[in-house]
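There is one chain below, alone, in structure tokens, taken in the form predicted alone.
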């Protein structure tokens, strides 16, 4: 079993704490089937793959991928990048990934951590630049946060030394509240995937819960056009109810 990166430095009052969904992503990405798929898709003879996690949170998933690139991809030289709408998550994730990569310094070959960008989904990403996309969205069917407060709540208030309870509550809402069917944020991100994945080899991993209606989502992805594929490659949780989790792999076969 590959080690889970440390998040002991993260304040979980305002940043999503790694949970079953996070660990399902770790298990799925490092499984023998996905490692074989990724190793074949990103052969050592090709350019280093750029890995993006949107909604990076504590950084545990991106750090895991960065620290275990050799096991997951069959190569060490991957590039890792993250985004999050929560600036406190960006700071926490940057430390998580940096520490995980630094811990690999005893090895001559290691991955390269680029940055964590504070922004909305993949709005800051150059078109067709991402080789591997990872997204653990806010998937709980709950009312969306009031985004009109975002600028004020995305930093420590001027003249203060710490965030307020209301501020922390808002920032945590960003990590789990997904609107109707838990799909409002996910649908926005799905619309961006064809534009950010690299042509010919881009692949995405998106986490869904049962109430997100994953079978319908997968068919919608296949309906994007010729060659688009979507399959469940990891599951966890209860056998019934919305808590059951699915990892859906999204990719496009060559025409």
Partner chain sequence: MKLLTLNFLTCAIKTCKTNASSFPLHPRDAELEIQEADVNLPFLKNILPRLMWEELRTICKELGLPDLPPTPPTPTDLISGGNSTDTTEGRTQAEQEPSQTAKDLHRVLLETCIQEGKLVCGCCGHEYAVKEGVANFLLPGHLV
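The structure displayed is predicted, hence computed values, not measured ones. Positions refer to the first chain, counted from 1.
One more form of this protein, predicted together with its partner chain, exists but is not displayed; see below.
This chain is displayed alone, yet in the predicted complex one of 168, 103, 181, 120 has a heavy atom within 4.5 Å of its partner chain; that residue is 120. This chain is displayed alone, yet in the predicted complex one of 185, 72, 81, 134 has a heavy atom within 4.5 Å of its partner chain; that residue is 81. In the predicted complex, its partner chain sits beyond 4.5 Å of every heavy atom of residue 93. Contact between residue 116 and its partner chain in the predicted complex is found at the 4.5 Å heavy atom cutoff. Although the partner is absent here, residue 112 lies within 4.5 Å of its partner chain in the predicted complex, judged by heavy atoms. Remark: residue 47 counts among the residues lining its partner chain in the predicted complex, judged by a heavy atom distance of 4.5 Å or less. Remark: of stretches 205-213, 225-233, 39-47, 57-65, the one touching its partner chain in the predicted complex is 39-47 (heavy atom within 4.5 Å).
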